[in-house]
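So this first bit is one chain, no partners, the form predicted alone, shown in structure tokens.
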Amino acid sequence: MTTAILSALPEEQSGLLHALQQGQRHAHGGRVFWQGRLHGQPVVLALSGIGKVAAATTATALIERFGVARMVFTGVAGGLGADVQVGDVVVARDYLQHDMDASPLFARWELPGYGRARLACDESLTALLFVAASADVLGVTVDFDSVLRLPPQPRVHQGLLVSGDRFVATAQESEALRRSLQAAGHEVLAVEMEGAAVAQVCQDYGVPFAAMRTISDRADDSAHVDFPRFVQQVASRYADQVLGGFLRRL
């Protein structure tokens, strides 16, 4: 059974692509897909692009064109939870679209036609990804220097992630988003721009989905000053190590 591995940016997936064995390149629907094997498992690597529509298009192609049996998203996110710090890893338990608002026809954040705001990730895949992250991320060798300013001991969290077609980059917007969600009973850990759309596509097709995100900033005015360096030196190495452990445990 083939596993799809999605990322938004090339830098987030460069190590996985380099390690791919028997790689075959396919172009479809304006995307490039790499089919091959990682750690003995058949995989398809793809870049979703940035934003929910691009991510949904890519996820649909992976299911319909390549017949993948499961999907995993890896990349970076902004931390919103009080205990979620730069350099930590968050494994999604479920997803919500923070820019979905079809009120007054539906409650705020509720997905029309689904009867709820939150879409759960697959329990078994998520548990496996959380085990891999907890066990393997500590073995990653990263240059925790004065420029990156990262803690020496990253933590792995599990919970709610939210997605929207807006880059949350100020303290005011970050706090307003966190408080409004919290008031409705949604304790959010991190924010990004693609995962909820992939979760919805996988829900529609009955394809198991799991996601992990490395926290690159706090989604506020102190957003990381060297994002490309962080992705290359930290997030991509986390992805290589954790997804390697995940695939070996399948």
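All values reported here derive from a predicted model rather than from experimental measurement. Residue numbers here begin at 1 and follow the sequence given.
If you look for the form predicted in complex with ligand SAH, you will not find it shown, but the lines that follow are about it.
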> Heavy atom within 4.5 Å of ligand SAH in the model of the complex: which of 166, 116, 108, 179?
Replying inline: 166
>> So in the model of the complex, is ligand SAH close enough to residue 154 to count as touching (4.5 Å, heavy atoms)?
In response: no
> Would residue 129 count as a contact of ligand SAH in the model of the complex, using a 4.5 angstroms cut-off between non-hydrogen atoms?
Replying inline: no
>> With the partner left out here, check for me: in the model of the complex, does some heavy atom of residue 207 sit within 4.5 Å of ligand SAH?
In response: no
>> Within 4.5 Å, heavy atoms only: does residue 4 come near ligand SAH in the model of the complex?
In response: no
> Among 70-78, 99-107, 121-129, 86-94, which stretch has residues whose heavy atoms lie within 4.5 Å of ligand SAH in the model of the complex?
Replying inline: 70-78
>> With the partner left out here, which residues of 184-213 have a non-hydrogen atom within 4.5 Å of ligand SAH in the model of the complex?
In response: 191, 192, 193, 194, 213
